[in-house]
Ligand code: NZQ
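Just one chain is shown here, as structure tokens, and it is the form predicted on its own.
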Amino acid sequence: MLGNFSYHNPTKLYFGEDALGSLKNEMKNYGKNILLVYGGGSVKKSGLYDQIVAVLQECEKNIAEIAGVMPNPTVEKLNEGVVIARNHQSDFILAVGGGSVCDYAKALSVSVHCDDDPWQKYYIRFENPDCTIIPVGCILTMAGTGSEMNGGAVITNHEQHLKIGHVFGDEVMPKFSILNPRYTMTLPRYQMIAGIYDIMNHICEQYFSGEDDNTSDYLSEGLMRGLIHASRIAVNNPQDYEARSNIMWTATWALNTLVSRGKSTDWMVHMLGQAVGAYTDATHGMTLAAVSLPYYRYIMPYGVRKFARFATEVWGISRDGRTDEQLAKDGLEAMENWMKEIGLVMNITDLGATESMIEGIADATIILKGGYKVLNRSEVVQILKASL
């Protein structure tokens, strides 16, 4: 394990088919004015909305609502929510939905009492909140982002062609999250598959960094093997509770800071994918899938030993006299075959990107350190062209 680190995660999780039963007790800990945040109509069609409202009414809460939170929440939607939350004098934000709704709720929690422009403060200058933060709770309906147990909040600014995530500290993490795998079973197949790859890539972003003998890497390999196994079952039978529960639990542990301990981490696939998303508004997990292999094949020579280990420990490829370079190539080929098998989008053209957008997408790509190769802009353009 490299370096010095601390680990603390304040989010309390309730997992399983009876998890919603814990909402009443949790709500006793917060004020009267509850802001209920959700996306489209699925939470009402499923009956979940009525169940939640019944609990809040039983707890004698005053409820205001923000509906229609989109898959890639916008700065305009954030500003709209700030007005509603201020008028309601919200004491608590309850997010019901997938990762985007949870992200939105966290962004809102630090924006309501912010005296500055939240977009400029948090997403351009990357400052930390210095105002009162409204506590957040999540009821999850889609597995993928891990937003239910982390401080991340991604917001899109279409006018500026930017999609940026700010990872806030412990004080912004959800106070509790309710995870019932049954809630994920109403998702369209496309969204389920996108979520599966989001989980996989979260692990890869942390795994493909460093060369030390690191406990976090062993944990990551187990999570990836379990996810691959469960994904194949879920794709063939989306109603398989065991597979969907394993996917949901893996999503949480993939991005709650556990497997990043002792790691430098990479996150360039997310930077590339989010830049593509800023131009296309495509589903997040699919943007990651579309840029992953071109990126990994480009950086593989700089971290060949870890990519070789990825082949043997995640994909079960025998060394059989292969060099590290050959193993690394075979591991990425196995990953590509799995991605195609479960139905992921494999290029950004299918997501609506065009060659004329490449320069703009490159400009919107934040270049990070921490992986095996720090890219320059021309390399970003090269990888994006290979992703078309």
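Residues carry their position along the shown sequence, with the first being 1. Here the structure is a predicted model, which means the values were calculated and not measured.
Unshown form predicted together with the ligand; subsequent notes refer to it.
- For the ligand in the predicted bound form, the listed stretch (126-134, 87-95, 225-233, 191-199) containing residues with heavy atoms inside 4.5 Å is 191-199.
- When the ligand is considered in the predicted bound form, only one residue from Ser216, Ser209, Ser177, Asn72 comes within 4.5 Å through any heavy atom, namely Asn72.
- When you look in the predicted bound form, the only residue of Val304, Leu187, Val82, Leu258 with a non-hydrogen atom within 4.5 Å of the ligand is Leu187.
- Of the heavy atoms in Met142, some are within 4.5 Å of the ligand in the predicted bound form.
- Among heavy atoms of Gln274, some come within 4.5 Å of the ligand in the predicted bound form.
- By the criterion of a heavy atom within 4.5 Å, Tyr183 is counted among the residues contacting the ligand in the predicted bound form.
- Under a 4.5 angstroms non-hydrogen atom cutoff, the ligand in the predicted bound form lacks Ser109 among its neighbouring residues.
- Taking a 4.5 Å heavy atom cutoff to the ligand in the predicted bound form, the contacting residues in 131-168 are Thr141, Met142, Thr145, Ser147, Asn150, Gly152, Ala153, Val154, Lys163.
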